[in-house]
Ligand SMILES: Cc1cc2nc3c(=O)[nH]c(=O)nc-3n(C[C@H](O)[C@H](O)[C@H](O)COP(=O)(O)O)c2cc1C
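Listed next as structure tokens is one chain, alone, in the form predicted on its own.
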């Protein structure tokens, strides 16, 4: 179910950040499942849409919505002990939502793999892929930027 606010046309605030995951590799799948499930539920209620890319130990996430709500959500992520080196990469008002259909989508770390929305699986307590949907040129542009940020953040300093 989509929040009507996420379908409203017009300008919206978008924040893209990166972070380094502190989650041990052997716990990552379960922990990321919990993160996606919580994000999808809370984001829908808050009118926030977006996409998350996980590349090795790095995260790049785009959040769209009311500026105050998005900045508050970013503050929560910034304080989350599962993340470190949390950095805002972009924070701007854009003409419209790019991820309006997705309370939280997973972005593939590989351009050759499809980008898919995820569904919470209540029976198994995890996440599973939804039916593939084609992306728009606008989504492809933001997703490509997210991939560039992920690769750059993974480079040694």
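Positions refer to the first chain, counted from 1. None of these values were measured; they are calculated from a predicted model.
Just so it is clear, the following notes concern the form predicted together with the named molecule, a form of the same protein that is not shown.
Remark: all three candidate residues (35, 38 and 43) come within 4.5 Å of the named molecule in the predicted complex, counting heavy atoms only. With a 4.5 Å cutoff on heavy atoms, residue 71 does not count as touching the named molecule in the predicted complex; it lies far away.
Taking the partner from elsewhere, residue 63 is found to have a heavy atom lying within 4.5 Å of the named molecule in the predicted complex. Taking non-hydrogen atoms only, residue 17 approaches the named molecule to within 4.5 angstroms in the predicted complex. When contacts are judged by a 4.5 Å heavy atom cut-off, residue 85 does not count as touching the named molecule in the predicted complex.
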